[in-house]
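Starting off, we have a lone chain in the form predicted alone, written out as structure tokens.
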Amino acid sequence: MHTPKLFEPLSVGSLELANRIVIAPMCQYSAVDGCMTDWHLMHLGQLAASGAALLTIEATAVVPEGRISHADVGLWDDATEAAMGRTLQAIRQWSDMPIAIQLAHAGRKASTEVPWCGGAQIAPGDPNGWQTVAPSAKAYLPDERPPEAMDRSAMIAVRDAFAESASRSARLGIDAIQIHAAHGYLLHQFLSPLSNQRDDEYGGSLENRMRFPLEIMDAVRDAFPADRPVSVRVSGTDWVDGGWDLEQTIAFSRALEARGCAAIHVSSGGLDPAQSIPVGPSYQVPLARGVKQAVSIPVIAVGLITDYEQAEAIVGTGDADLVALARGILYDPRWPWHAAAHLGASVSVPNQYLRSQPRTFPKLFK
């Protein structure tokens, strides 16, 4: 029987994935002092039974001031490592799905309230707020407190924090790391000329703007076991004239590949409130296609991928090697099951769920 492309296996570095569906990192804003809670056990546990090939832990701050909000997950000390370890240990009793983690620093977009309480920036004097940092002292919004421009010592501290979090990830048995260089957070802030207005060797030219994110890539790659992959999430464009764009993304992706990056996850936007995004089904796929044509490592497409035939077409035509689901898999945590049933493929499920095998799809479950 012909296997749909969406359900063909794929190697990312040395990591073997059962199919081409990955779960993107999704912030839950439910941590306490950076520590995962029972919510994360419930949330990640259900997704680990989804039939996808890879589960990615949400944006995880490498230092406390790198959190988007006070309720973000972190991995910067023994307490945060232990909390994450508890969650992973429970999930792994019942699921053998590979687990990745997204390591991040929010830069000038840090110190905000959780989304359902408005998401506004919180001032440093508030118990839930702190002074933000960025490549340049330019706020994201005009009415926000400007970040402090990072000097070299601050940059080195963040670089070393990424490496330390990578080492902690390795101790936890995490299968892969994704470095967050998208959505207007710190590394994207260094990349884009809209937010990076430095006049030293880390600003100005494309080569200079890429320098610090590439230093982070090198540090994480060196700190994480060589047999486990490190990938990077990028914004393919700022959707603002004069900002970061696909041509620069391709140059960055090639530089990452040369440094041992195992995959590129292509998203977009998030850096500037002036962005004008043509939102619609597969609206970011052309960005992934552009990167895929320029590199030899796997490329992941994401963004309003909701339909089974749509996902099959993205990987079947070679626009990307994998598709990532975020909001769609929150809405339907069994999306990979349903896609397999629709396309005539099969997925692995926990033994406890085998009796849910639909009679109309007798070979749905492996």
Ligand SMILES: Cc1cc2nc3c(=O)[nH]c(=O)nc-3n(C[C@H](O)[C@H](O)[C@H](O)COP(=O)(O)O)c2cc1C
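Only a predicted model underlies this, so the values are computations on that prediction, with no experimental measurement involved. Counting begins at 1, following the sequence as shown.
Keep in mind that the form predicted in complex with this ligand is missing from the display, and what follows is about it.
Heavy atoms within 4.5 Å of this ligand in the predicted bound form belong, among the stretches 332-340, 58-66, 307-315, 31-39, to residues of 58-66.
At a distance threshold of 4.5 angstroms between non-hydrogen atoms, C27 is in contact with this ligand in the predicted bound form. When this ligand is considered in the predicted bound form, G51 lies well away from it, no heavy atom lying within 4.5 Å.
Heavy atoms of S165 never reach within 4.5 Å of this ligand in the predicted bound form, leaving it off the interface. This ligand in the predicted bound form comes within 4.5 Å of a heavy atom belonging to H183. Among S111, S169, S267, S231, the residue placing a heavy atom within 4.5 Å of this ligand in the predicted bound form is S267.
Though this ligand is absent from this view, in the predicted bound form it lies within 4.5 Å of a heavy atom of just one residue from Q102, T132, S253, S195, which is Q102.
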